[in-house]
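In structure tokens, the next block holds one chain alone, the form predicted on its own.
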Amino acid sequence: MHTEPIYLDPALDRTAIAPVELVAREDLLTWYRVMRLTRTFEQKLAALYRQGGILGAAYLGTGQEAIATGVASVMQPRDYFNSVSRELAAWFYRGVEPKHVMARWFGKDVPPSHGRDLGLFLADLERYGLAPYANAPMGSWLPSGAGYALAFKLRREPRVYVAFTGEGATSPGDFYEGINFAAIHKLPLVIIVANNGFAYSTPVSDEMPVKNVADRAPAFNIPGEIAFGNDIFEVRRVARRAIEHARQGLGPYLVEFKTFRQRGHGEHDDMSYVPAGLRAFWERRDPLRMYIDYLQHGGGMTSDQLSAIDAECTALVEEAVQYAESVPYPSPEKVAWRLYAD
């Protein structure tokens, strides 16, 4: 029986992992390593922001690590995706090195942007399958994602484009234009919506006239599914179904993961608009805590094994800071480099 407000559909509401597949021990530990590294990295980034150690604002995805990790784990190496740093776990899963991410937050001269873009964004198709963003507003990524998906179809390549976004980005018109085009042409596009309840400080109830983002999918005659985003097994199960649907030539698939971002829109945001009861509700459903509980009680891992990974991640983050501090800033003489044609 619930003794607190109901913030989730009862069918999704739980505080424990519900495994639905047999997974190799090494895979279980890989997912943990990625989620822990992401959480540790973001904690360090938040501290550096308050110390004035990085350039610009810090936008974190703390509490959403299971979504990015789970989706990335069921993608194929040649699939493309887009995201901001809130899906940092997907970056790490695909091989992006923490030191290069940290150096970007420091504004240092590292590829691919060489200090001309900060840590919120990253694009590197060749090495990581991370697609360039068409524009900062996240809704605008759907039309560009549909373009990549169209290229896959025209080339008869069994590849999928995965577009990560938040529920706040599902209201602008370009979001609908992208899905509409992809639906008409049955393009291999998967839309992953992390619904954390607030578009900056605007609650979902003030953002849209429907209860769920997935309720909009029938307007495009595509599947729309809702799942619990803090259970990595649930994320993998639903994301795999969506990705294989698209890969088989059946068209786009929209997945809405219910979750909660434990930090503000940015580190400058104190989240004063979020009710205390809501924060407490989601803290009990923290994806990392839930996964640790599963690993220790259902996955056969010991606290010493997990602590060793924790220490490894802490060392990687500290090494990343040292690297970022040692790399030079871009040369002032190259301020217009790559902005204009020779």
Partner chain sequence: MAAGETMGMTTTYLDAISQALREEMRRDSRVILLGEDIGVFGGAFKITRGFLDEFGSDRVIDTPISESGFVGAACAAAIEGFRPVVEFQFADFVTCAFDQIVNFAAKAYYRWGTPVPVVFRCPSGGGFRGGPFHSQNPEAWFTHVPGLKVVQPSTPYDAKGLLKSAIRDNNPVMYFEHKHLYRRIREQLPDDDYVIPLGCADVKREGRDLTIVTYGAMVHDSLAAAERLAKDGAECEVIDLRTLVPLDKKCFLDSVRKTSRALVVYEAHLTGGFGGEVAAIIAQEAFDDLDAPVVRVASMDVPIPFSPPLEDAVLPSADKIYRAAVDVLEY
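Note that the structure is predicted; figures quoted are calculated from it, not measured. Positions refer to the first chain, counted from 1.
There is another form of the same protein, the form predicted together with its partner chain; it is not shown, and what comes next is about it.
Taking the partner from elsewhere, residue 127 is found to have every heavy atom lying beyond 4.5 Å of its partner chain in the predicted complex.
In the predicted complex, its partner chain sits beyond 4.5 Å of every heavy atom of residue 158. Though the partner is left out of this view, residue 168 does reach within 4.5 Å of its partner chain in the predicted complex, counting heavy atoms only. Shown alone here, residue 113 lies within 4.5 Å of its partner chain in the predicted complex, counting heavy atoms only. When contacts are defined as a non-hydrogen atom within 4.5 Å, none of 18, 21 and 197 contacts its partner chain in the predicted complex.
None of 150, 226, 84, 74 but one reaches within 4.5 angstroms of its partner chain in the predicted complex through a heavy atom, and that residue is 150. Contact with its partner chain in the predicted complex, judged as any non-hydrogen atom within 4.5 angstroms, is confined among 21-29, 314-322, 327-335, 7-15 to 327-335. Contacts with its partner chain in the predicted complex, taken as any heavy atom within 4.5 Å, map within 171-205 to 171, 172, 174, 177, 180, 181, 184, 185, 199, 200, 201, 202.
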